[in-house]
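Taken one at a time, structure 1 and structure 2 that follow are two forms of one protein chain, written as structure tokens.
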Structure 1
């Protein structure tokens, strides 16, 4: 007798036989093997359905609907269906449960509890259609003040003495978060890099190296140096606009990485520079970093290795003591800090960590920004923040709380077709995004995907301008840390205190 228990299905594939043309397209499109044809009609194994909706959107007869399985479990307010399913799955397999995308627990979202200010009477708003509103951001280390020298002979001749440290300019306060080739497909990476190149914004390489085809987009790619050091060689260090030491990721703070051997095909092997078929294990910590001093050492090593030409940053997950760590990072020499909140995405993480570790990005931005300010360090560095910036409203609130740049992952994938089925770790993504299987990857058309990303961010940027105009602010950099333009309407005034945001009506 099998030790495994049948877990009640979540979904049901409803096929209307009247509309079905028996073309079997749905069968070939279902990468999870839920559909088959028994020579008479399409039948479904609902236990395999993940509601990715690929079949439904490919069906020429519009015959398919994925619905919630209506069979119910005895109701219980504490033992939810999800908790019961977790117990059944674990008692059947004995394994650590995997998950993907970001934390899916219905924890109250703080961005949703924040409202924006707008101009009325006493301060004029700006019309973004007729006046310039700047969404440019300078990325990297900034001088705290400018020094000038006056010519001893001609006192009218003044020249700049301050030497600028590595920094560059991007056109929108946006970075596509780190997603490696391996966690997502070649086509998805290519579409992202082409789009950010076109928009002059940034994308992260993830920790899986950089495929040589992507070098030409290097001026918009921040490459990552993680504990596994995959694909880190001189070309990798040189073909980049900035380097980021990855300490943590919002979806799995404190955890390493584990790309299973079956996904390490020859392309992944070349890019990560590891043998085909081997697991790519990223150790939990960097074994040359056990302290802030050690971190400072790796920052210095990367500066040496890149001859002080590009900004070097550090990415941490938002955790309880992010603020003092951020101070250490800046004092250690980092030119930028990235913070990834507990809702940040992943291609694979133990469910227990994804769902229960870390803190909301809203609180982390506010406390890091405040602490850096107290220490007189805030203006020296760029603060990148992500971990569920879902749309432009979240982005603008993140900036008002203190971020310079928003890091965005899931919205980009959703723009590409992702249905948030949360099965990325299985490598079977029917939309050609989180998979390495050639027959699935080719479903994602690079040009279409690229244009969809460009459209999405173009729209966000226009919305930024609209809202900035309504607030009477003509540059996104003037909104940064401008918390007086935010009000809190949530149920917990303590949150407003930590955010240093007034309650609505105050």
Structure 2
């Protein structure tokens, strides 16, 4: 039962009447119903404004500004405005609050407490403009050693004897995180897949199946097999470059996927193989996985289904026991592991889970990398890490802590125009990204969006080369797990110990 409560607004729409042309363009572009026209002027309902800024961007007279509502609430050290709004909302609806786009609590980001150590004289730097720096990564399981054979007739003729397990090469240590068709629009998916195809990096399909239009980009797509098994059939399994068993997600560890029924139109229904308009709720656990042995059996079944041609991986959320879980995953036959930190984005998650469950990806990377090394398993598997990698500096630090590949999501959506208003689950995204409404989807130009993603990652790769050169390192492989190139400047020495990183000045 809903009990109305006048919750104070977060934002206010300010319209300068002298500059307003009364063209009503802002009204047509506001997908949240915050603006209307009363035959004389534009009227705003500030309670509906989510600060997506679509109206301000499209106003030809630049007459609109979205500002923070400064209405004063009685000050209190324990009950912030954020906490009070949560209580007001729940007392009005009686339900679990949903949110999106990653944890918004002001928790300290460990990446910001890490500095990169550069070279000077004794270990000279490398000039990336004039010298080759390799940023390619081999993705998949790697052999423990290489065996060679010598031709009995010609001793100088040596050939490789070791048979490589399924693997492939990407040109940058980057993967666009899993975002399903449903959580984001067809145009957004297409732009992402076209971009990674041109860059020769990877993108995740999410757990929502794969639309037939996307099969042509399969050599750069990793698909998910989640607990709901949405869209999983033999074509889905055999038309991508890799498969990932989704055990957990950084934004909602211990939780299943959630796509509200409002976003399940005919296209999503067919792709996911579920009824139109129904909530796509995947179970919290896989009901055929209750042990590492069960997981190993599913890995084996997927390898059989794909004729042993593609790597099979497992995705887990960053939690306190990620390291021993990762060991079991590798011993169970996985070719790669993805770890998603608690700041990871999502289209829909219970706010209580998103904001309070899981651990930072920086700690999970370091602990998993060190444990796999102790077990003699690290070099056999590719380690993908994501959940709060915001820009190239975070990517570089994640690799130095132990990751092979950085997994990013929100930077891609922001490049497409996302304003991070945390309303993805409503399906009303005014920028055409997290919506399935045709009139909104068409606002996202696929060609423009693709080129913006390509530009973004090209810039990241160039900055990666700049940093590698400054460190005196000529390949990304030499940066992986190279914690000696990091220094900690944060307030908690225990974190530095867990990361196995020296303090600045040491």
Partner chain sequence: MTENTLKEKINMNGNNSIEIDCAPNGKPLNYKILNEEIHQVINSGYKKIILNKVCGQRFIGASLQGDLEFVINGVPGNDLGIFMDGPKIIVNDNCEDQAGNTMNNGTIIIHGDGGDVIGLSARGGKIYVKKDVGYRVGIHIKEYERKHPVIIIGGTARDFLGEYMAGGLVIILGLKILPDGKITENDYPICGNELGTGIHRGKIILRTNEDLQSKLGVGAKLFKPDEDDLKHIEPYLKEFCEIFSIPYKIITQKPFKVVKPISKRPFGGSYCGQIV
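Note that the coordinates shown come from a computational prediction; the quantities given were computed from them, not determined experimentally. What we label the rigid core is the largest C-alpha set whose atoms superpose within 1.5 Å from one form to the other. Positions refer to the first chain, counted from 1.
Remark: structure 2 matches the stated condition (the form predicted on its own). Remark: with the core as the superposition reference, the CA shift of residue 262 between structures 1 and 2 reaches 2 Å or more.
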